[in-house]
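Next up: a single chain in structure tokens, the form predicted alone.
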């Protein structure tokens, strides 16, 4: 039995971003000192959201390139830049604000950890390897579904080792959140669907797993109920749906940790083929009907209801070398695979069986 740490506090509702200055300057829990804004590079051309960031002369705005999945090298580079910018202040800002999708939020959490713990990001990939609290961090999600805003991990790809793994630690949890559904209004439709389904997959994997917890189950059940409202009833991007999806993502992130088969296969697709996480999850679910029959059918119904065409044919041209790398990058995730299949998961997911799954995508 272990104590669970959740986000300290959050503001939720349309226009919430406009209260960021109130949080930064008026909340006694927030440390004084310069603020580093780590913002998804998508917003570089949008003046309205950036104008709501209460920047002062000593603050820094750094656009995070999210073209590819976040990597350990990228986190190392950003942390080094921040240390250099604040070398006269001991290398540390007062606050990190991460604004963007799951990739940006994960990088903000990882940079926060690295600034106070030292070393390199790869040193902390695993469970409870971060030893001291990071720089105070505030998350501003602009996509709903990854759950990064409430999860205790920040997932990074180490391209040297070929492993996609998180800094799983209580110190990776955001101290505060600004949850503004207005920020998700302009998300491209397919990306909105793929990312939103990440919450559905997190939670259905949890409920189908062996490591169950009553509170986590309750979060998962409610998040799935909200996903059904969003994706099976009306337009998934109207005002009500965007608010519901933001709540579902928050709950899904709090429930994340004990996933199953979707996320390990998805990790392989991201590491080897560079597929973004939300889409990779949808591709991974494609051949898993035998493992998740009702959820697979519901997933397809959600796509049909929202007019989303799921890509097919990815596996048709995979080389034997790529299949081998996909297997290695997926089977390494023993905890979630064992959560669904038990200790003998390698006897079930043999190289040949995994090859067939990837070729069916």
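Remember, it's a predicted structure, so these values are computed and weren't measured experimentally. Positions refer to the first chain, counted from 1.
There is another form of the same protein, the form predicted together with a further copy of the same chain; it is not shown, and what comes next is about it.
Exactly one listed residue, out of 349, 11, 337, 24, brings a non-hydrogen atom to within 4.5 Å of a further copy of the same chain in the model of the complex: 11.
For the residues 213, 77, 233, 116, the 4.5 Å heavy atom test against a further copy of the same chain in the model of the complex is passed only by 213. Heavy atoms of residue 267 never reach within 4.5 Å of a further copy of the same chain in the model of the complex, leaving it off the interface. Proximity of residue 344 to a further copy of the same chain in the model of the complex falls outside the 4.5 Å heavy atom cutoff. Contact annotation: residue 359 falls outside 4.5 Å of a further copy of the same chain in the model of the complex, judged by heavy atom distances. a further copy of the same chain in the model of the complex is not approached by residue 228, whose heavy atoms all lie more than 4.5 angstroms from it. Figure note: of the listed segments 104-112, 216-224, 85-93, 258-266, the one touching a further copy of the same chain in the model of the complex, with heavy atoms no more than 4.5 Å away, is 216-224. Annotated contacts: 41, 274 and 279 are all free of a further copy of the same chain in the model of the complex [non-hydrogen atom within 4.5 angstroms]. Annotation for 175-210: the only interface residue with a further copy of the same chain in the model of the complex is 179 [heavy atom within 4.5 Å].
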